[in-house]
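Quick heads-up: it's one chain on its own, the form predicted on its own, in structure tokens.
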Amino acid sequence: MQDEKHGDLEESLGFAQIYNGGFFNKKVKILDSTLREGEQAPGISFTKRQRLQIGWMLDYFGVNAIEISPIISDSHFDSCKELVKAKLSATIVAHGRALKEDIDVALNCDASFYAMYHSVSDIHLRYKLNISREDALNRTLTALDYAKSHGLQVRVTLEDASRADPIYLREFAKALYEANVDRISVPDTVGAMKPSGMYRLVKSVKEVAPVPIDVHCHNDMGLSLANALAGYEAGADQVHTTVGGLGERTGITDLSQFVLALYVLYGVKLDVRYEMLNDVYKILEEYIDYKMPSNQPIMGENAYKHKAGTHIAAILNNPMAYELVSPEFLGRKRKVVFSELIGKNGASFLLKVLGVESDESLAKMVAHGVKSLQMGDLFELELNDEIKQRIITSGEGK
């Protein structure tokens, strides 16, 4: 497969794809929950206007569904209703409890898809809801029947599925299937799964409930992306994400990381505008005064910065030496960092950019001088088209 701006992706991966087991070319849908799960992150709150703008941008980017909870407040209700009214390409999924009153709110929003959740683990049933397993199932089936009778498509989330009794979980899922549920979401609510466990969990549910499966993976142990990919391999056809991985506690699977992992590791190029990712993330940061960690994969500030002298020398010859896809593919820019780690090649590059003719002796002298300053990072330089042309003209990077 070809990345038009970065050459052959298979060449970029090289022999790594042998260990990865080859491409797994199965399409998957993206449900983005920035407007629901994302707003549950501590310190995060959107205005109605911001929710609508984020929703429009996510729709234009190409997600398949956008989740929002109209039951939270009047502002959330209005936001949900406006998004439904906008008739976006993405399905607007109204999220709420397995209760008649919540379903009525979704109906009043004119939503066509309702996502209800109910706990299935014993620790939740006892300490959160104080009800029995039988009551939990009956309550959910009653709510499902009510929603379906009012023309809604319904997804049921088996909350805390990863800590539920496997036998009870399968009984619950089978009952939902027999009651004509449209989707079942299998969440790792507290990030308790390792990838092999998430794979088996999704397989177990699919065996008894052959309906479309969602996965919703929390990042408490830093495994949300790995578990989402494991769920995808196990047969889930929709994965929940948020911009920046925002969500309750440490959040869930990050949108950019998931879509790029599919593209790079699985050979699945979704029908999304990858080059919009930078704009989507920037507008979110502006709205909520939130700065992603600089070392965050894909969209973090450092993701396309190159510092070590040997790295800089290599990317001047071919960026694929230290990049899997080009930054332009994601709407980003490549930068080089000049610091006390600079080497002969980096110093020669810097001199050429400054318009100074250099030879090996001068380059070594400059590198030695920068190192002797011991000032850490000195400055960054965007490797734009003008700089690239200077490199080509000067003969650097050949």
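Fair warning: this is a prediction, and the values are worked out from it, not measured in the lab. The first residue of the shown sequence is 1; numbering continues from there.
Keep in mind that the form predicted in complex with ligand HCA is missing from the display, and what follows is about it.
Region of this chain that lies against ligand HCA in the predicted complex, out of 150-158, 82-90, 271-279, 297-305 [heavy atom, 4.5 Å]: Looking at the other structure, the answer is 150-158.
The unique member of S121, S185, N219, S326 whose heavy atoms fall within 4.5 Å of ligand HCA in the predicted complex: None of the others qualify; the residue that does is S185.
Single option in T189, T242, T140, S224 placed near ligand HCA in the predicted complex, where near means a heavy atom within 4.5 Å: Filtering the options by heavy-atom distance leaves T189.
Contact test in the predicted complex: Y117 vs ligand HCA, heavy atoms, 4.5 Å: Answer yes; at least one heavy atom of Y117 falls within 4.5 Å of ligand HCA in the predicted complex.
Non-hydrogen atom contact E37 with ligand HCA in the predicted complex at 4.5 angstroms: Contact check for E37: yes, within 4.5 Å of ligand HCA in the predicted complex.
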